[in-house]
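Shown next as structure tokens: one chain only, the form predicted alone.
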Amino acid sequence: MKKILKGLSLYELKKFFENIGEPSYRAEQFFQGLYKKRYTSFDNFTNFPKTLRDKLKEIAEIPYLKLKKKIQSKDGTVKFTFSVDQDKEIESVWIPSGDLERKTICISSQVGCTLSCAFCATGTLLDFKGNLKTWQIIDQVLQVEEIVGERCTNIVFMGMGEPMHNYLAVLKAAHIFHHHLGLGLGAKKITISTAGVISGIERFIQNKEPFNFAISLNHPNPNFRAQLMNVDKKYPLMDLLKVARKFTKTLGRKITFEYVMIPEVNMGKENAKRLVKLARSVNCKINLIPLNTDLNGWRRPTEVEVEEFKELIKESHVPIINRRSPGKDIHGACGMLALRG
């Protein structure tokens, strides 16, 4: 079986080249060619002797995902469906901001999801079919940029899957995105999200990872959060808040709480009071996200309801973000990725 070189760390590439009798500096050349120069074939590496290129063709490969579908929203958002294996597909989303200064790619970390949050189509409607390999995570970004003809400014691990349940591949990909010979993105331009897998957050803290981090909160009441998110049964809200405080204290930066707003479920005055109290106890910012799915008979909040809820939690004095729902018409918005649209 040929060695897959896409997705290997620089250290792993050095070991690979040394093992085939080549100087270790070839690893940096290969790493830079693959990610910064976007070479897709061994023939592109004209800085390598032909003998080395031929050797690599025999023992190694540079694989790529197969594009199956591309849909564009009226707001400029583009959703991509990629084939991973014969019966496995994932989705990625290109999200340009209104002023075009921010160009985000939302990528998947799993085929389906290991969790089943009640408001999320991925976990509710799709079966979990496995973790993505590092190269499959990376290739989403490489291919989306190639297809749209632009480079992104931000990457968010908020597509299909729970990133903390594929920790090694996710963090390996993030470091390649960040590496100066890779995509060269600043650590603050890369955000990794979790539904609240405490073991992964602890690992993130211990490794002092530099990337932005977000927790999907969605309800400030422990009893009701468990009804929305089954992860709460294993990792209760109170324990999650403890590790969030540890994160901010140890790493010295804010954590983001994502809050999917669901009328009659988590937007009442009592919920707002609880959320204010919670937010004051953690060095955080809150990202408000209107519900995008129609699961469980729930409905999307109106603009008035969103503004009213926003006013209720302003007294927390934490930064509040409301990014709306780009790509909703193509089922590309938060919680909607389920291979449809």
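All of these numbers come straight from a predicted model, not from anything done at the bench. Numbering starts at 1 and follows the sequence shown.
The next section is about a form of this same protein that is not shown, the form predicted together with ligand SAH.
Undergrad: Let me know the one among M158, A244, M267, I105 whose heavy atoms come within 4.5 Å of ligand SAH in the predicted complex, would you?
TA: Of the candidates M158, A244, M267, I105, M158 is the one lying within 4.5 Å of ligand SAH in the predicted complex.
Undergrad: Give a yes or no on whether every one of F119, I289 and G335 sits within 4.5 angstroms of ligand SAH in the predicted complex by heavy atom.
TA: All three within 4.5 Å in the predicted complex.
Undergrad: Just to confirm, E258 within 4.5 Å of ligand SAH in the predicted complex by heavy atoms?
TA: Answer yes; at least one heavy atom of E258 falls within 4.5 Å of ligand SAH in the predicted complex.
Undergrad: Taking heavy atoms only, is N218 within 4.5 angstroms of ligand SAH in the predicted complex?
TA: Although ligand SAH is absent here, N218 would touch it in the predicted complex, with heavy atoms inside 4.5 Å.
Undergrad: Answer yes if any heavy atom of A173 is within 4.5 Å of a heavy atom of ligand SAH in the predicted complex; otherwise answer no.
TA: Taking the distances in the predicted complex, the answer for A173 is no, it never comes within 4.5 Å of ligand SAH.
Undergrad: Does at least one non-hydrogen atom of E162 fall within 4.5 angstroms of ligand SAH in the predicted complex?
TA: Contact with ligand SAH, yes.
Undergrad: Report the stretch among 191-199, 72-80, 128-136, 175-183 that approaches ligand SAH in the predicted complex to within 4.5 Å, counting heavy atoms only.
TA: Single hit among the candidates: 191-199.
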